[in-house]
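The chain below stands alone, shown as structure tokens; this is the form predicted on its own.
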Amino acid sequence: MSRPKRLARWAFERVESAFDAVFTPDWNPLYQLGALGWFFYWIVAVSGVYLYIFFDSGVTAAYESVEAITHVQWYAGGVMRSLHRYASDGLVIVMMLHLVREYVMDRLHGPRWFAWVIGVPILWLVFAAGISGYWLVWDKLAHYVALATSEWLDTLPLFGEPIARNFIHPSTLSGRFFTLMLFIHIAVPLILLFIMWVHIHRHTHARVNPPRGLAIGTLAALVVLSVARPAVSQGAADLGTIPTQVGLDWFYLFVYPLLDEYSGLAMWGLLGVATVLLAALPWLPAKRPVPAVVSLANCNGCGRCAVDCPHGAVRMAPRSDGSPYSEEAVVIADLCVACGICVGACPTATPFRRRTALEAGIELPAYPLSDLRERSLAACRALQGNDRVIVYACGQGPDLKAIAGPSVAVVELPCVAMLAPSFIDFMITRRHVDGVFLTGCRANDCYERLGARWTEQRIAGERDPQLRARVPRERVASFWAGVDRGGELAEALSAFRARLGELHASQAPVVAARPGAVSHAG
């Protein structure tokens, strides 16, 4: 990750830390931007269906029906109209924050390109759906949007005759126009829904619903806003006059003031270039990950790797080597980001193996398990004291050099969830260290989506492979730091070492070393 992008990530995470204090990490909206986008979409859809029931698509009836919905039925229709408006604005906010945040977090290269590129047409569809909705109200703002949009479209060679002339006199406009706009306003969100599904379909365990408390709070805030500041029209459209002053919704209509300064073709060119550049970002120079590989000699077809892979890159297929197992793991190289979570899920990824070569059923060629064991043992040989700790960390956290010391060894992994629980067992019960400390991304925003969650569940015995009961849990700790909490990480590690020292003073070793074993190295 480049230094400017890492600094931007640090700034994002500082804000997220403040939100953690207000909302708690489980309800932090900045960790739920994608899920909130879906939530806002459904609010817009439900409120839109309600408004459609009472909407009349006539030249004068359109405005009159919207006014009746807003004022006569203010307690229901008026609230629904405001919810429709504010949820639409909320969708734009979380969508843009999600885009910027994914870029800053560097989640767009390699196999992640698909979700990023699919997100580009989502931008266009959201704005198309929102802008078409403003036409239906047919107030002064709708008249302005209709004129500006039709003149903008007329700069393209799409129509046989200018469509802007339909909005210069009352006699040129018919009710069929509103029927057409209503069709567009319904069809575009339906297409958007399909594209949104495609956007996430490669991800396993994708979050499309925010936590219940956050969802209830968000909906309540929208309802309060709708009652306190209801969305209203800006006076009936009059085709005999050109609107000169209107109140813009800057979330959707920010481009329109620029059309007064620049030609339509220039704006099409600007947006076209911006779209192409946005879609091309995943192919900027970046290191291509080496995908995981399967060793059929060590694969029993349990399927844990396929279940735990956050990116759907591992699938189960019928056995091909004639072994008695029914299935085998197959890696889809184009989807693999080389996070190593599948390795941590494999029951054969155990460092206790001595009679045969240490090779799991699935491994990362760049980070073989045999190398991980040797790196772990080598890092611990020089540790001193009764509070010896090995820190397993991913590279998406704070600077790890700052926490290394005479009693602390650091081993970096692509993702902490690559570490099978048996490694923790091995390092503690064989007395290579006094404790194991895990750290990396923020708890609710793992770079690989699910690494921190899977790790915690494996240690707690809630997910296979589980950390064995014989491993004293007081000798295992974790702190999910991100890039901005280096100081807190150092404090948590220091407190853990102090606890290990107290354990040493108060009790005999929990597990005796096996005969012939050396206390500091295997």
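A residue's number is simply how far along the shown sequence it sits, counting from 1. Remember, it's a predicted structure, so these values are computed and weren't measured experimentally.
Same protein, other form: the form predicted in complex with protoporphyrin IX containing FE (HEM), not shown, and the subject of what follows.
4.5 Å heavy atom contact with protoporphyrin IX containing FE (HEM) in the predicted complex for all of His143, Pro162 and Leu253: Verified in the predicted complex; spot residues all out of contact, no.
Option from 269-277, 223-231, 74-82, 206-214 whose residues, in the predicted complex, bring a heavy atom within 4.5 Å of protoporphyrin IX containing FE (HEM): Selected stretch: 206-214.
Close approach of Gly34 to protoporphyrin IX containing FE (HEM) in the predicted complex, 4.5 Å, heavy atom: Gly34 belongs to the contact set for protoporphyrin IX containing FE (HEM).
Exercise: Trp116 in contact with protoporphyrin IX containing FE (HEM) in the predicted complex, heavy atom 4.5 Å: Yes, contact at 4.5 Å.
is_contact(Phe479, protoporphyrin IX containing FE (HEM)) in the predicted complex, heavy atom dist at most 4.5 Å: Flag for Phe479 set to no.
Non-hydrogen atom contact Ile200 with protoporphyrin IX containing FE (HEM) in the predicted complex at 4.5 angstroms: Taking the distances in the predicted complex, the answer for Ile200 is yes, it comes within 4.5 Å of protoporphyrin IX containing FE (HEM).
Residue among Arg431, Arg353, Arg107, His185 with a heavy atom within 4.5 Å of protoporphyrin IX containing FE (HEM) in the predicted complex: The residue in contact is Arg107.
Contacting member of Leu239, Leu358, Ile122, Leu136, with respect to protoporphyrin IX containing FE (HEM) in the predicted complex [4.5 Å, heavy atom]: Here the answer is residue option Ile122.
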